[in-house]
Each structure stands twice: as structure tokens, then as C-alpha cells.
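Quick setup: one chain, the form predicted on its own, written in C-alpha cells, and binding and motion questions come after.
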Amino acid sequence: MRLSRRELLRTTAAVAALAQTGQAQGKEGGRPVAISSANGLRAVELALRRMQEGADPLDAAVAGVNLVEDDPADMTVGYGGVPNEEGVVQFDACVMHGPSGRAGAVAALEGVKNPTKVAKLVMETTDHVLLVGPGARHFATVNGFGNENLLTEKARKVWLFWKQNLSDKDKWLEPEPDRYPPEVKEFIEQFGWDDFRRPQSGGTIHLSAVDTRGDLAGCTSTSGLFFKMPGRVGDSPIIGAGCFTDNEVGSAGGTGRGEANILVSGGHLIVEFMRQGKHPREACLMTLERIARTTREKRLLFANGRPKFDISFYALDKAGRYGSAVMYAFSTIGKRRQFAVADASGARKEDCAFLFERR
């Protein structure tokens, strides 16, 4: 059964009305402001502090994201990220600088735990926007980045477990549940998987920032879909999808199913909705509605017509208003979806607005 446009619009209108009555997230604050995915609480705190000290918003955003990239406990970004199906960690990242209108990105980059730094160098030192694979690796090398082994022991054990459980027709023997490594048990608890044969999860950090002058920047980094095909590139390094910044309007980015975001140019679409006067939160919801309405492949839809996947968007405008929205209010393990924000009131997490409460 296809989901009707009326139901989608009714859901969006209800959440927008809730926000207008002050019951949804988002205080109208002044500048500077930094917003990110929920794994970026320390990132937005640092980005805000850097902007308060006078740093350029992109420098502040990259510094914040680097904290997450450097953290081996975060298995969705940078060092410790989950590898592709061959056990190789590949990163995607992009940056966009509002004042100059320039951008830089890398995709399928190996051996560099801070791909955002390389993306920023692409923006600053080349006539290009996106470098990929061996070309991105060579560019990193000539710019002094070593080739690090970024597959942590925890990520290796998770990947090996996935490999062992991939098929009952290969030569790997599936481990008994009582012999699962503790790292795997922790991973399953965190991401809520009951079947490693069909991984649907991944992770990313997006951070948008606006400084005291109203200058904007955006930054996105990821290790991509868990156990992805080698060379798979999602939305994170795609300017206009995983990140888009217009210094006259605002900045936005997303996490979740990158393929769906690419098809609607979600980051750009959110900024265009804000250009029309929409609040960042409403712009995020309208973009989610567009994705839900234009997703037609049966394999990607539940019986009720709703998408089988999640996408989260984060946005702020030039005035410092901010908002985030998700496809579903709760994760597969029942946790309320949140985002991180930092402004004059400090760094904190807030609940995301949502298109649908349940799958």
C-alpha cells in the first residue's frame, strides 16, 4: 500500500504546529551556534568555543569533527570506523565554506583518520572539489599525511563476525551465541541488529556552524555504510547532499541512507526551503517528506508504504535558528533520536522533530 501524500502532509503539519506552540525542540538563540548529529556533543562544544574566540566557522567545524574522527569508540567515523566488506576502512568527507562559496571533498580515502582535513586542503589548494580513491590517497600523501592502519581490534572483530555470519554456504563456521566476543555483543546492543547478513546501518557526523558575524560553514565525515562494497560512496562527500552551505541563507547536512539523500540533493533542498522563509526544522521535515514521497522501490518500503530506512537532517540559518528532523522518532532499539547543539545556553542534546513516530 502506497503512503498517501495527505498522510505525509498531515504528519508534517502536526509536527510543525507542535514546534510553533513551543513544545518541540529549538530555542531561537543568537549567534554563534553549532549543530550536529547526536555523536557530536563534544564537537559542537568545541566548535562554539572556537568561534567565540574568533575562529573562522569552517576551522571551528573541522576542529569539532576531528574530535569524533579521532575517537576509536565511535565506530561510524574516523579511527575505529567499521570497514567495508573486504575489511578495509574507507572514508568520505566534505567541507563547505560560506564566505568564499568554496567546497572540498574526498571519497573512498584510506589510511587517513581525519578525512575532513584532506577535504579542506582540496578546497584550499586545488581547482577541484572532489578527489576519490587512489587519487585522494596520493593527494593526502603529498600533503604530508601518513598511511595509518585504522582498523581497530574492536572493528576487526565486528567485521570478522559479520564475515562468519554472512552465508551458511561458505567455509566460515558461525560462532555459537555464547561465544560471541564482548565487542560484538556491545556492537549489537548499540546498533540493534538481529541479523548480520543484511547490514542496514552506518554512521556519520555532520556539523554546521554560524559565527557571530553570520558567516556559515558545514562539514560532514563518515566511514560509510557498515561492510559496504569497496568503493561505495554515499552522500557525505557530495556537495548538495551530505552538506550544503549558502552564506546568505544557512547550512544543512544529513546522516542515514546516503543513496536516498543523494536522489533529492537533501542538503541543498533544505537550504532552498530556508531561502523561502522556512524555519530550519520545518525545512528538514519538508525534505524528509520529499524522500518518503519519492521512494518507490518496493524493497525499500514497508507494507504501509513508509520507507524502511532512516535519514536525519540538521540545519541552521544565518540568524542562528536551528533544527533537526528524522524519518522516525525512535531508533530500532527504541531510543528517542536526538541531535547536538551548542549556543549561548551551552552544549546539549535535544529531541529531533520527526516525520513518523513509528515504522
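Remember, predicted model here, so these are calculated numbers, not experimental data. Sequential numbering from 1, following the sequence displayed.
Just so it is clear, the following notes concern the form predicted in complex with a small molecule, a form of the same protein that is not shown.
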Checklist line | Proximity to the small molecule in the predicted bound form, single hit among 113, 120, 257, 97 (heavy atom within 4.5 Å) | finding: 257
Note to self: Under a 4.5 angstroms heavy atom criterion, identify the one residue in 232, 278, 163, 137 near the small molecule in the predicted bound form.
What the structure shows: 232
Checklist line | Non-hydrogen atom within 4.5 Å of the small molecule in the predicted bound form for each of 208, 245 and 253 | finding: no
Item checked: Contact label in the predicted bound form: residue 225 to the small molecule, heavy atom within 4.5 Å -> yes
Margin query: in the predicted bound form, is there a heavy atom of the small molecule that lies within 4.5 Å of any heavy atom of residue 80, even though the partner is absent here?
Written below: no
Next item on the list: Tell me, yes or no, whether residue 203 is in contact with the small molecule in the predicted bound form, where a contact means a heavy atom of each within 4.5 Å.
Entry: yes
Checklist line | Touches the small molecule in the predicted bound form: residue 287 (any heavy atom, 4.5 Å) | finding: no
Margin query: So if I measure heavy atom distances to the small molecule in the predicted bound form, which of the stretches 179 to 187, 279 to 287, 216 to 224, 245 to 253 falls within 4.5 Å?
Written below: 216 to 224
